[in-house]
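Heads up, the chain below is alone and in the form predicted alone; it's given as structure tokens.
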């Protein structure tokens, strides 16, 4: 996707989505850095739930790239801290935010801002995650990235949550703050999320 796709003075919304380990944060960082090189004023926000790698005040990718960010816990917090002179507003881990982020992103774009949002589009069950479906629907540009399935090597479109080495059950909380879970990228066919009435021993 070209960073100069839109050449008008109006704003727009870009969504970078996909599973964990697919390079979403890396792509957001790339677009942010290119905007900075283009002498655009950029403001970056991230969910306060994500403290991986570089900590709470940076967006970081799995390969170690970082960019400074403001941690927030809601769309209202973003609205209250938006720099009125910023040309580009970037938001990482958008799946953790409330539905108000859809209206906020739309409003910012209507006021001439380029809004870049990155987030996981499906939860560990393989179902739509938070406000991501609505954000994808209202965006001008949507890029869906894939990782590699750790089981069969196919393009991965699911987040496999493991608890003590076993697939998390369907009725587990969508967000487990502070949990020592591990995640894998898997394809549709290798993904497992057993329900209470299934025999977990037969699953991966």
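Positions refer to the first chain, counted from 1. Computed from a prediction, not measured in an experiment: that's the story for all the values here.
This next part talks about the form predicted in complex with a small molecule, which is not shown.
- In the predicted bound form, no heavy atom of residue 187 sits within 4.5 Å of the small molecule.
- Contact check for residue 12: no non-hydrogen atom falls within 4.5 Å of the small molecule in the predicted bound form.
- Within 4.5 Å of any heavy atom of the small molecule in the predicted bound form lies no heavy atom of residue 193.
- Using a 4.5 angstroms threshold between heavy atoms, residue 162 stays clear of the small molecule in the predicted bound form.
- Contact with the small molecule, judged by heavy atoms within 4.5 Å in the predicted bound form, is confined among 146 to 154, 166 to 174, 133 to 141, 32 to 40 to 146 to 154.
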